[in-house]
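As structure tokens, one chain now follows by itself in the form predicted on its own.
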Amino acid sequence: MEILALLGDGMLLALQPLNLALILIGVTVGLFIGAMPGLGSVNGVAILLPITFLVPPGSAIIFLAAIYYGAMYGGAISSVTLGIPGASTAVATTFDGRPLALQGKASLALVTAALASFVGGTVANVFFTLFAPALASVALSFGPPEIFALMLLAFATFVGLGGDDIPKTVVSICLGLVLASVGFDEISGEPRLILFEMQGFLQGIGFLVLAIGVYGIGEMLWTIEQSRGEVTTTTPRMTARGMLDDTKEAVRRGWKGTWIGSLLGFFVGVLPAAGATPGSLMSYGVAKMVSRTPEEFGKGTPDGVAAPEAANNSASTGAMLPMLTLGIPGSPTTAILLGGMVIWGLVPGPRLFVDETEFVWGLIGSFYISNVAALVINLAFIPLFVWMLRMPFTILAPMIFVLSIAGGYAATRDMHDVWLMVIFGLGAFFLRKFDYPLAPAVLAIVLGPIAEPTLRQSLLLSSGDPSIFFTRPIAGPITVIALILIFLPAFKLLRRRRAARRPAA
């Protein structure tokens, strides 16, 4: 009952005129920041951080958290309408969101994304409110072996994304791991894979550069090649009845992915160094694994939109938990929020809930208000987002290309990355022509920079003994489950081959 009283006080604080206005402004701004390729929540919060010094610290963190919420919602917009992920957290949304848009079901995809995001945020808020101290202690017990086991599990969930062609899936993953290892080695500090000694490769290959190249330029080239430039999509129903029908279909066909993403995303988001991107990719893979119709994934199914969208919103709230309770940011965006809190004289850690009760519960209360505000504002803007799809593809294709180049350049201000985007776009186009799956490569470049250092740190801790991944109480079960999932497709393939040989005998 004490928690409910504190939460009620926090909501009343968040509903004060100044705080409510900041929530509405922050969510709206975040929505469009998340939808712009190359920006995302990290850049949005960093750019707007100086503005917050005009208001009290409690209101400032509420404003920045609202931007974070809005950006998580907004990432799905460009993923669905243009096929370009607005941020790395929305890459998995592109897998099914864009095919739905090409089928004339963009409104269904956007409604599904909005509802799944709302459910994911709500579930995460409830867990945050009830179990913050306990979950923070669990997060502390995750060392390098546990983080690597989790990354291995993420790879395992994506083995099936390449269909039955396991060798091509493995090649795709290896290609992503090679790209992820470009730059300075985190352990030894030595430069690796610096092609032709070009200085631009020393900073590594940014994930956003790869994502925009693959899903912006590459997808545009693929669409042009397949349709010979004659891309037509039916005009979506934008009547009140049509929106209601889309809502019913989104609930009916996306409920399983929504709950998978809500639960899995939160617990991945709580872990330091994980964040919303691995959570959304893992949730997509798990949703496909447990689906009765896995063949629909990648072709346009609401479940494939709901799982990553619920996960990235749930994970964004989860990433706040270690920041507030332990002073450890769970994502790049929360690292900026942590810096802001320190500047404002607030010290994150276990004492924060005792010494700054009003601030903490006001922030938690704002999570609930921001979640509702983001849902309402997102649904209100869906007709505007869908209107973009009425443009002829002869206008849309150059727009996608310009947005891809501008978004990639805005993120790093480096022409080296712009040329890389073009090369990745051409490479993705040819990989699709030869039926190589792109999703495992994208997963590998996201998780590679996390998996490799934690693997090596774990082996250093155990003096090279790999049993450390099996003997630790948390890492052991996760590793065993991951290995089972990795080898499961191979066993299924062997069974099918044996079954095919029996009639011939």
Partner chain sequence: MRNGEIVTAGVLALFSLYLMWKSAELPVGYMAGQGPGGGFWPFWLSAVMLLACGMIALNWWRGTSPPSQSDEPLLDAYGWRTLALVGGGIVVFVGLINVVSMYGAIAVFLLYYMRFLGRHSWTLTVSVALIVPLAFFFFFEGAMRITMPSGMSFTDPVFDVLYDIIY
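Computed from a prediction, not measured in an experiment: that's the story for all the values here. Numbering follows the first chain given and starts at 1. Whichever C-alpha set is largest while still superposing within 1.5 Å between the two forms counts as the rigid core.
Keep in mind that the form predicted together with the partner chain is not shown, yet the notes after this line are about it.
Although the partner is absent from the chain shown here, P191, L195 and I405 each have a heavy atom within 4.5 Å of the partner chain in the predicted bound form. In the predicted bound form, V480 stays away from the partner chain, with no heavy atom inside 4.5 Å. The partner chain in the predicted bound form comes within 4.5 Å of a heavy atom belonging to L459. The partner chain in the predicted bound form comes within 4.5 Å of a heavy atom belonging to I217. Looking at F266, you'd find every heavy atom of it more than 4.5 angstroms from the partner chain in the predicted bound form. Residue heavy atoms within 4.5 Å of the partner chain in the predicted bound form occur in exactly one stretch of 168-176, 105-113, 313-321, 336-344, and that stretch is 168-176. Contact annotation: of the candidates M399, V251, V126, I377, the single residue with a non-hydrogen atom within 4.5 angstroms of the partner chain in the predicted bound form is M399.
Only one of T247, S181, Q203, S291 comes within 4.5 Å of the partner chain in the predicted bound form through a heavy atom, and that residue is S181.
With contact defined as any non-hydrogen atom lying within 4.5 angstroms of the partner chain in the predicted bound form, the contacting residues in 46-70 are P50, I51, F53, L54, given in sequence order.
Once the cores line up, the CA of K299 ends up less than 2 angstroms apart between this form and the one not shown. Superposition on the rigid core between this form and the one not shown places the CA atom of E358 less than 2 Å from its counterpart. Shown in the overlay between this form and the one not shown, fitted on the rigid core, is a CA shift at F184 of 2 Å or greater. In comparison with the shown form, the Cα-Cα distance of V286 and L175 increases by at least 3 angstroms in the predicted bound form. A shift of at least 3 angstroms pushes the Cα atoms of L403 and G304 further from each other in the predicted bound form than in the displayed structure.
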